[in-house]
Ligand code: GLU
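Have a look below at one chain only, the form predicted alone, in structure tokens format.
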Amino acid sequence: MFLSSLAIANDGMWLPLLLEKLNEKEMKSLGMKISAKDIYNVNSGSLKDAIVSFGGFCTGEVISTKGLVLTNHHCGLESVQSHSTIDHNYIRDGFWAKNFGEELSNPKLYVTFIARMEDVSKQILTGVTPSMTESERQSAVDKNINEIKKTAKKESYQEILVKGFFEANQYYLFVTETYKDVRLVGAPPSSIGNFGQDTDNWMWPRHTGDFSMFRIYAGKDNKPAEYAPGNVPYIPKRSLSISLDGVAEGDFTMVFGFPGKTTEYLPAVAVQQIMEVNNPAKIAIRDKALAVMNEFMRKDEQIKIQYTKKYSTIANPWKKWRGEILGLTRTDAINKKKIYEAEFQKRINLPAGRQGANPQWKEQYGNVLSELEAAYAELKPLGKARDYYFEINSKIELFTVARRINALRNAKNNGGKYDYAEGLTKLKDTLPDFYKNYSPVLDKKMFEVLISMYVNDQDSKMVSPLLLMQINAFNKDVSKLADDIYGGAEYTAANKIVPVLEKNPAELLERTKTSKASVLYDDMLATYNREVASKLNEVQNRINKLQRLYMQAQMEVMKERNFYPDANSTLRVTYGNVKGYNARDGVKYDFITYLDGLVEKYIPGDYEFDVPEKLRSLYKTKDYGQYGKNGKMPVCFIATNHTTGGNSGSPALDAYGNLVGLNFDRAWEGVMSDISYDPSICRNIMVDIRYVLFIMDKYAGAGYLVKEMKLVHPKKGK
């Protein structure tokens, strides 16, 4: 029973390079009709040539021979927001370009293709020894990476990326191609693209049309080029065909994308600390921050435009962490890890002469779990202080300005981490956008609420002495301290900072070095570095080394287990089957939702559940065109694919490699899959591609875009 539990169906985020060797047989047993070479091939076009890293934070897929890219609405939201104003509110109303000329440029947006990948572990680990400190080891690794980057075969327009896998026990090289001219083509209104917003986020059943569309532009040679009006739509090596047949329960599905981060191989003590210390601390802080933002966004349309993306960025992990605790508890994840660790230790300790015994294991790995447990005990208070500092500091935007100006001042005066001229240019480029989406009134309230938590909810030695003195000076009234710091503070106004930064940056840096925000920020940072960071870094380095040793030991000792590397924003394939699940006692969910359910959720005028009149009209007349099925309009479906952040926008492919859906979320009950995947409740949520096409064609009148795509009926042999 123990051995069978090590091979969890549908578990894993696999390197496409290794599918033929490790996964093809299982994938075909689950229903896949294509080969591993159809998925990844460097000698001819394959599915991997239609997949892009979208902006470095999401995934997208090419769906036409004219470079049309599909991704999630929430992935494209920042671009939509950047083009929105009160008069042209594309977040609220949606946007659709009727021709190439109307497509909107996005200077900071890019997409990256993977041309090829290869195992370079031997070259990277040359000269690396177990006795090295983490710093020494990293220096040796960096030196070897730099050498490989110099000699690796690539074209002039390509770049080399090398990343560590299995806790840096292995390394892979990626040859990449990045296109920097990516233009907004279309996005539905938020009432469709973000239907359900906070209430439905991380939840199933779901009725969200979470998609947006962009187009890749290239130079006239079809190679990467900076934005230029004369650029032309990119002609891809491969674009995805789109299935209109939909999915049925049990169908094979595959998600191809760039998952961000998972930690599947942590010891039980680490998972327990996440559940009992780190997640609760971060949840409590974000509870307060979201409440502040919600209060102002509901009252002011301008603030709502400014903070829509920020709100979702804070809310998304906040809700996930809550679900993570529930899922880990329900599936008894800690106890399962302890059972696994007991078996691991038992094999390590087998006496010589016993079947399966290896005397070297006890010498190499005998104490790794006990040492990890001791290290995590030291990390516990430091980890909480770290989370408090970064969570609170990052939510107070006045500190964001202070941090960046202080860093620039340090670079000028003392030589900082980056070149002064480079830092000045970057600050000039980014501050106008910052102020475009900044409300000092909201930020002042955020300061009041979060600084109170920073002072009252942790050990006083972790708190800035200057802040404590200032609060005492105002009789512990944080609101009066906020009035003092924000009242007349030049950091809160673009017209007091941006023009001076342009004309006389040296004068600005000199004048602001005594500003109350800058001085307080510096003292909070100094306190953190003195009381937390210096100690935490030493413990974390020890944990990193032990975790790498534990990973190596597991792969050597637990031979019957198939190991896949944790996600690290590199191209991966995950696969499974369309399947419902039992959410809790007496609650069983189907695998698909329909437009009927969306209309049932309709609340007129509600910011989460309003439904546009035209969509209600299409529903009333059942005007679904070729996209409906049996008089119903499919909206979303779920499957057992193992996904995480970064997989947002990833294509959901059928057994033939056709696009059937767009991955955008996970079901609440199983969001602990980043730490412990469990096939009983872990489900990824996808918007049905037929709903995407229906919204484009019948709702938005953008059927001209559908004509760019190749629509197929694989279940009908067409």
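Just so we're clear, the structure is a prediction, and the values are computed from it rather than from any experiment. Note that residue numbering begins at 1 and tracks the sequence as displayed.
What comes next is about the form predicted in complex with this ligand, which does not appear here.
Only one of 322-330, 231-239, 644-652, 541-549 lies within 4.5 Å of this ligand in the predicted complex by heavy atoms, and it is 644-652. This ligand is not drawn, but in the predicted complex it has no heavy atom within 4.5 Å of Y376. When this ligand is considered in the predicted complex, F664 lines it closely, a heavy atom lying within 4.5 Å. Using a 4.5 angstroms limit between non-hydrogen atoms, Y389 is distant from this ligand in the predicted complex.
Of the heavy atoms in R409, none are within 4.5 Å of this ligand in the predicted complex.
W202 is the sole member of W318, F399, F113, W202 with a non-hydrogen atom within 4.5 Å of this ligand in the predicted complex. A single residue from the set H74, K384, R137, R215 has any heavy atom within 4.5 angstroms of this ligand in the predicted complex; that residue is H74.
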